[in-house]
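Just the one chain here, laid out as structure tokens, in the form predicted on its own.
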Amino acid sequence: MKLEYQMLIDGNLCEGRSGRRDKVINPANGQVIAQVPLADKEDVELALGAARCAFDKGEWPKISLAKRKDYLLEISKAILDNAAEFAQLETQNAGKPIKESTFMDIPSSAKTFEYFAHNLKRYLKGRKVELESCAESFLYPEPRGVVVLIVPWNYPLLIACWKMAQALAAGNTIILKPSSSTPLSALKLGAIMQKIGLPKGVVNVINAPGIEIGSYLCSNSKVDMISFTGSKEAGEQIMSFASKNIKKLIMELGGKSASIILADCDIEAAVNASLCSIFLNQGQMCTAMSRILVEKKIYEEFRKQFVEKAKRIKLGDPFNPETQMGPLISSGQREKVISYAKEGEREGAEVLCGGKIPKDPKLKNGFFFEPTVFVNIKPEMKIFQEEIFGPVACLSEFSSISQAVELANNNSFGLACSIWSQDLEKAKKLSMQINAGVIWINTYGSFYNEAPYGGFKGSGFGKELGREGFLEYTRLKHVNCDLSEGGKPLVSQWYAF
């Protein structure tokens, strides 16, 4: 039996005006698992109007912070109450192993709402600015207005919750547009928002291919802000659409991140974590450490252990708790990864394992691809420079810290980096030379609601999470009061006659 979902517009669960519905595919077996409504421009206009009215005339921006906190905590609880269903949806729709959905994505999604519920009052508190004059100034964070949240297919629920929790905590109204490949958890979240009784129009969830409505949605004058996570190419299009009128943007546009493995590291920990950093979620992560740079002294040993363990990674049914890697999101994405693997070989890189579709007949209907390891890499190769978004690792060696820095920074992206060394001071000093927004030392993929996340260069701009990420969803108002004696500031006397 196929699942059916509805969109959320102006507090109502609904179909699209056109009546069109789209099929959602399980990437593990190619089967249709759901029918979902498709929005057209008329639906988008209704959602925009609802969000605009809810912000301009509704109660949400004006309700007490205590009441807003209660709503956010209720959302967090509802996610946990429906955790099993959400985990099933994420695994069925995105193909990620059930243990990742269950133990990582769903709890983290709920925790984000909880964190910003407990900290919104502190983050929204105004502050006084000390002035060297007969005046006083105050700074007040205010909500921006109508915020469009555009979410990718690799972490459909988690990234939606990152953005929604911050936007709602700040007092904005929102339109959430999930990827049309993975809309199920977002539509389920919309149904939860409606059930708990959020004011009408505060949250709207629409579903449509970005190419159909992206231009209309992102160029619309009713929108005050766009927060986008996705590919660099799609981000460039959104920036072009948004330029039609002035609005705030957060752009998280992917990466080609590097791990730097120093000779004094704990090699076992570095190998195991490096496997996770590129093969978790089938390598479909913007922070994937697809360029693994290893100091020459330990390169051969690291390579040996890494390849041996990569060969043992278990591909299979994502619902099997023993599965370590599921399918890629689609046939098209797999073809893209295959083309990069072929290009790597053509350019002279050597494949030590993987590089092809698995032969297991149990996997033939899904979009599986083997964990792949390349060596003999040259910095100019496409597999070293371009984001593949799949389970493809490039191993390279370096002889000096300066060479490692040069290799790590020799890329148009600047999202993240992992450094492995038992000398923390050396690692911290090295981190200051890396042109990336997030540096992990002796770990990978640690995200905290308390700390901001975002990249440099082609990886985009703006932050998510932490005080800094939260304040991205606000605008700062400056209120200045003159305290001149007698209430007569200099400006009042300038043209006095």
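For every residue, the number given is its place in the sequence shown, counted from 1. What you are looking at is a predicted structure, and each value in this text was computed from that prediction instead of being measured.
FYI, the form predicted in complex with nicotinamide-adenine-dinucleotide (NAD) isn't displayed, but the following is about it.
Stretch-level contact check against nicotinamide-adenine-dinucleotide (NAD) in the model of the complex with heavy atoms at 4.5 Å: of 349-357, 97-105, 133-141, 177-185, the positive one is 177-185. Checking 92, 109, 274, 229 for any heavy atom within 4.5 Å of nicotinamide-adenine-dinucleotide (NAD) in the model of the complex turns up a single hit: 229. Interface residue among 387, 317, 114, 224, judged by heavy atoms within 4.5 Å of nicotinamide-adenine-dinucleotide (NAD) in the model of the complex: 387. Residues 323, 327 and 391 are none of them found to lie within 4.5 Å of nicotinamide-adenine-dinucleotide (NAD) in the model of the complex, as judged by heavy atom distances.
For the chain shown alone, residue 60 is not a contact residue for nicotinamide-adenine-dinucleotide (NAD) in the model of the complex, no non-hydrogen atom being within 4.5 angstroms.
Residue contact with nicotinamide-adenine-dinucleotide (NAD) in the model of the complex: residue 254 places a heavy atom within 4.5 Å of it.
Proximity of residue 299 to nicotinamide-adenine-dinucleotide (NAD) in the model of the complex falls outside the 4.5 Å heavy atom cutoff.
Remark: residue 237 counts among the residues lining nicotinamide-adenine-dinucleotide (NAD) in the model of the complex, judged by a heavy atom distance of 4.5 Å or less. Contact residues in stretch 156-172 (any heavy atom within 4.5 Å of nicotinamide-adenine-dinucleotide (NAD), taken in the model of the complex) are limited to 159.
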